[in-house]
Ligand code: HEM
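First, one chain by itself in structure tokens, the form predicted alone.
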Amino acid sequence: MQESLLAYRRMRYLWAAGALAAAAILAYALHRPPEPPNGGTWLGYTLGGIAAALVLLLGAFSIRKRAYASTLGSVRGWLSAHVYLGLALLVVMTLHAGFQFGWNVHTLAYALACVVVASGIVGVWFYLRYPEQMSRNRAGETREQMLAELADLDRLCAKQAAALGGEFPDVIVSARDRAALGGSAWAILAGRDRSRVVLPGAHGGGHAQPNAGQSRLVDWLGHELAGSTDGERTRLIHELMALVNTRRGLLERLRRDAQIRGWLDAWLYVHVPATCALLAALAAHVLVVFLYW
């Protein structure tokens, strides 16, 4: 990702975007209009046209990445251009406005473009940081394989609890059924564990208790282990605790996987709607300019 995104073809799009920004800055510095710089001068119109073309080109990336049979450049190349030209857009549109802003549709288009570029920068940072973390967290497994492994551990825990008898089967079933891997969007992004468990008697009186990280269940098993005086029962509890601890680690990996995937998607809920709003504001901006200026 880092090679294809930031250093694609020896950073050709970084150089292109830098040259465009430098040319815009030089032209603005040399421009001496009879009135304060604004979008209505010949340079303002020129930079505005370039900015509009950049917006349309950047928006075309969403089409290109879904056109699997297209031969119009590689998706990696389009993505690299998308990143660097998006940064150049900030320079061009600021100079197009001549640093003059107000409460109007023109400034709205500018503000939306800033939101689009800023959210895009956040997205790039996420995609450079999180995929490697996701790969390490999954340890060579897919999410489906981890879920299948969790189901196997649940069956083994239930079987071990059945061998112990008494309150163990109900407690293990309670911990299984109340293990939380999802929840609200904020809970997923924050990695919060809202798992609960119902423990018997003095340990909970039959009420569901917080069981984040399966810690409450492990504590209860430890208490039962400490009070065991039967060798076979002690062995079975030891084996059950080992299974529960393995399951606890897998649940944490699944929760972390959901958190990473959530952050990889979250920025799009800003970037995509803001892009659509920008295209609408840009159309209104151009229409107002040609109708009233």
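This one's a predicted model, so the numbers in the text were calculated from it and none came from an experiment. For every residue, the number given is its place in the sequence shown, counted from 1.
Heads up, the form predicted in complex with this ligand isn't pictured, but that's what we're talking about next.
Checked against this ligand in the predicted bound form, the residues L251, I237, L58, V244 give one hit for a heavy atom within 4.5 Å, which is L58. Look at 156-164, 130-138, 80-88, 185-193: in the predicted bound form, residues with non-hydrogen atoms within 4.5 angstroms of this ligand sit in 80-88. Although the partner is absent from this view, Y28 stays clear of this ligand in the predicted bound form, with no non-hydrogen atom inside 4.5 angstroms. Although the partner is absent from this view, A22 stays clear of this ligand in the predicted bound form, with no non-hydrogen atom inside 4.5 angstroms. Of the heavy atoms in T142, none are within 4.5 Å of this ligand in the predicted bound form.
Although the partner is absent from this view, H106 contacts this ligand in the predicted bound form, with a non-hydrogen atom inside 4.5 angstroms.
Shown here without this ligand, the chain has Y45, G48, G49, A51, A52, V55, L58, G59, F61, S62 in 41-62 lying with a heavy atom within 4.5 Å of that partner in the predicted bound form.
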